[in-house]
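Shown here is one chain on its own, the form predicted alone, set out as structure tokens.
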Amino acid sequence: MGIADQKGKIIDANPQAARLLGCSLPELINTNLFDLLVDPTERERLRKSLEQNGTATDFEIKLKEHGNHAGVFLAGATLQKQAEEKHIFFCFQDISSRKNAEETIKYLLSELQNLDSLKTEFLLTVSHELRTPLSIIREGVSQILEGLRGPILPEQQKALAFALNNIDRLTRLINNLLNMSKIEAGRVEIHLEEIELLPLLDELREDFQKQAAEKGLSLKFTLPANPIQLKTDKDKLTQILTNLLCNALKFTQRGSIELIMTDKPTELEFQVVDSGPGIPPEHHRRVFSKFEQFSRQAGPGEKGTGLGLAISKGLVELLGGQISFHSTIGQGTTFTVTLPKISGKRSS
């Protein structure tokens, strides 16, 4: 604690104040309180606060180079009138422990960011390296399965078909990891072009019609009657809608799936509506997180990577749009994608 005159000249202080500033008490006396601040802006801010409000509190300041200046905090200063003159009553507080904790947190956050970057680089490298040998393995198994390498027994055919399915599953996993890593690393290229949407959606309907029929599900596409054009990345939009339809098919055991496209004045809206089990409310905040599958049932059945929705969200945002969902337990889930009619953040 200490006292200074109205101009800031320190006329009295206790030894603790001098100790915090790393100087002796005689050195502190006659020093100007404002001159302890290195930054002229901070000096002016302190002076104005005292003049206009009569008080100045919680000033975290860097003091001149003497002692442990980095850990000192101007906890409070008050301008009061004594006799015929005004004086400034002030106190300092040692915040070195807090500053050390802040520096530690900053360092740990930096290390986490570095580790995350390393992880992304690792996944990108590994994913690229795995794709080539997997393609070779798939081609070899396919040739044997098709009889190009000679006749095979029914049991062998069954085993090879099982192997081929799992090769395809592993390929999808690697592709999803690669896509997610590219999104996180900011390496996804967006190629904008003017496209007709109805033919694209007709192709999607044909692709998913058989899969829906095999599960006994009704698949419906509700589309505008007139042709609709959109400047966007065709491949990325196809991937987004494919991910959402795959997700709906995977977790819907009975009922229907519907894709609805609505033409709005400034944007296009795509909705994928299913009659699946719904997503529990406690999981809603993590729906677009990586490696999450909230409707996955134990035992055999459809399996996935838990990356589809995270990838879709990343791609939608790269196209300048938004993705959201609404879900009711026992009734189903609706995912909604909105894209601006002038879409995309960058093109190449």
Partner chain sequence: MAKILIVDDEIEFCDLLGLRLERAGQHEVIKAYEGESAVQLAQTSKPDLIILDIAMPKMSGFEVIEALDKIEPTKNIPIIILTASTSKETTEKIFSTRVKGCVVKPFNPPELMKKIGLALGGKA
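Throughout, rigid core stands for the largest set of C-alpha atoms superposing within 1.5 Å between the two forms. What you see is a predicted model, and the numbers here were worked out from it, not measured in a lab. Positions refer to the first chain, counted from 1.
Below, we refer to the form predicted together with its partner chain, which is not included among the displayed structures.
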Fill in: 45, 95 and 98 each touching its partner chain in the predicted complex (heavy atom, 4.5 Å)
no
Worksheet, complete the sentence: its partner chain in the predicted complex has a heavy atom of only one listed residue within 4.5 Å, and of 173, 200, 159, 134 that residue is 134
Worksheet, complete the sentence: Exactly one of 102, 155, 85, 146 comes within 4.5 Å of its partner chain in the predicted complex through a heavy atom, and that residue is 146
Item to complete: Using a 4.5 Å heavy atom cut-off, indicate which stretch of 136-144, 269-277, 103-111, 238-246 touches its partner chain in the predicted complex.
Response: 136-144
Worksheet item: So in the predicted complex, does residue 187 come within 4.5 Å of its partner chain, heavy atom to heavy atom?
Response: yes
Discussion item. Taking any heavy atom pair closer than or equal to 4.5 Å as contact, tell me whether residue 128 reaches its partner chain in the predicted complex.
Written reply: yes
Worksheet item: Given that the partner is absent here, does residue 261 sit within 4.5 Å of its partner chain in the predicted complex, heavy atoms only?
Response: no
Fill in: its partner chain contact in the predicted complex: residue 250, any heavy atom under 4.5 Å
no
Practice prompt. Could you check whether the CA atom of residue 138 moves 2 Å or more between the shown form and the other one, using the rigid core for the fit?
Written response: yes
Item to complete: Return yes or no for residue 150: a CA shift of at least 2 Å between the shown form and the other one, with the rigid core superposed?
Response: yes
Worksheet item: How does the C-alpha distance between residue 285 and residue 121 change in the predicted complex compared with the present structure, closer or farther, given a change of 3 angstroms or more?
Response: farther
Worksheet item: What happens to the Cα distance from residue 211 to residue 142 in the predicted complex: does it get closer or farther than here, with a change of 3 angstroms or more?
Response: closer
